[in-house]
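This document starts with one chain, in the form predicted alone, laid out as C-alpha cells.
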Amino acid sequence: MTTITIIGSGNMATAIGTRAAKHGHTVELMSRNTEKAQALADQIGSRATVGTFGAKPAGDIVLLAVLYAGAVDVVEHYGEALAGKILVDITNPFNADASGVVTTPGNSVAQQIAVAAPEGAHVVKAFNTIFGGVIAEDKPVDVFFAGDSAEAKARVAAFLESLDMRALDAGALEMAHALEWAGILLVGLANNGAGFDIALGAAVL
C-alpha cells in the first residue's frame, strides 16, 4: 500500500484515516493542533504518524480535512510544500442553515484551492457526499469525485477502491460545485427521515 497525508484532525480525518489504516495504508496526520493529531494517531494505531503542520507531506495524496472556510488558507500556508501533490478537497461549503452552499458555479472550494495551489499540484473533489459515520462503518459505498487531471483522478480512484469504495468519476473539476450541492441533498435526506447512516450512490438498471 502507500502513505497518505491528512491535514486536519476532526471527525472526517478520523473516519478516513482509520479506514485507510485498516486497509493497509500508512497515514500521516498534520494539524495546527499537534496534541489532537497525536491523540488521533494513537487511536488509529501503528500505521499512523504525525507530521509537522506546514512541512512537506509524506503522502503523494493529501486530503484537506478542514473546514471549507480555512481550506484555501491552509493550501497557501503550505505553499511549495504541496508542489506535485494530489490535493483531495473533501469540504462542504454549506450556508448557516445547510439549505444551500456559499459557492457559485465556477468558484467551488475545489476550484479556489486549485488557484491557490502551487504548480504541479492537482485538485480532486471527493468524500464530501458521504458522512463520516458511514465511512467509519467500513462497508462498501459509492464515492463521487471530480478533477481535471486524468492521472490524479486515476490515483484517487485506486485509493478509493483500496478502501472497498466504488469510485465514480463525475467529470472535470467544474463538477465540484455540483458535488457540493449533492452534499446538501444528502443532508436534506438525512434531516427529513432518512437518517445519517445513508449514502448517495448510483445503480445500473
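The model shown is predicted, which means the values in this text are computed figures rather than measured ones. When you see a residue number, it is the position in the sequence shown, counting from 1.
Note that the form predicted together with another copy of the chain isn't included here; everything after this is about it.
> Using heavy atoms only and a 4.5 Å cut-off, determine which of Ala58, Leu67, Val141, Ala39 is in contact with another copy of the chain in the predicted complex.
Of Ala58, Leu67, Val141, Ala39, the residue with a heavy atom within 4.5 Å of another copy of the chain in the predicted complex is Val141.
> Can you confirm whether Pro105, Ala170 and Glu174, the three residues that make up this candidate site, all sit within 4.5 Å of another copy of the chain in the predicted complex, judged by heavy atoms?
Each of the three qualifies.
> Quick one: is Ala136 in contact with another copy of the chain in the predicted complex, heavy atoms, 4.5 Å cut-off?
Because no heavy atom of Ala136 falls inside 4.5 Å of another copy of the chain in the predicted complex, the answer is no.
> Looking in the predicted complex, any heavy atom of Leu179 within 4.5 Å of another copy of the chain?
It does: once another copy of the chain is placed as it appears in the predicted complex, Leu179 has a heavy atom within 4.5 Å of it.
> Report yes if any heavy atom of Gly24 sits within 4.5 Å of a heavy atom of another copy of the chain in the predicted complex; otherwise report no.
Judged by the heavy-atom cut-off of 4.5 Å, Gly24 is well away from another copy of the chain in the predicted complex.
> Hey, of 141-149, 157-165, 45-53, 30-38, which bit sits against another copy of the chain in the predicted complex at 4.5 Å between non-hydrogen atoms?
Selected stretch: 141-149.
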